[in-house]
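The chain below stands alone and is given in structure tokens; this is the form predicted alone.
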């Protein structure tokens, strides 16, 4: 799960998917990162933490990190929150196999739409709820895909 700073959208997506995987007793690694180095080592935005907690998900222990080329080796699927981050991830790809791992997360719930998860950082509390709902829907589709593999 990748966004710009790894403090709003991607840690929420990580928390949602981890909870769904745990609830189903699956054994998958989920992580999040940012394409920038703005928030390395920082906790998720307090509003993202609060909203996630309201949905029974604790993301307070997560720490921002930057996406690296190593992530292509470590993960089978890489989901970008928006097109700008998608392009930044693709720019680090070393081959077509790397590129095939990357998609926009909302293409899971809205196939071929190339929709972005809006960045709630500069908005109000309702933006975080909207992001949660969009990511929850996409992660529901992803968990179904994982279970059917």
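On a predicted model such as this, the values are computed, not experimentally measured, just so you know. Positions refer to the first chain, counted from 1.
Only in words, not in the display: the form predicted in complex with a small molecule, which the text now covers.
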Inset, instruction - Go through 66-74, 31-39, 108-116, 93-101 and give me the stretch that gets within 4.5 Å of the small molecule in the predicted bound form, heavy atoms only. - result: 31-39
Inset, instruction - Consider residue 4 of the chain shown here, and say whether it contacts the small molecule in the predicted bound form, taking contact as heavy atoms within 4.5 Å. - result: yes
Legend entry - Contact flag, residue 8 vs the small molecule in the predicted bound form, heavy atom cut 4.5 Å: yes
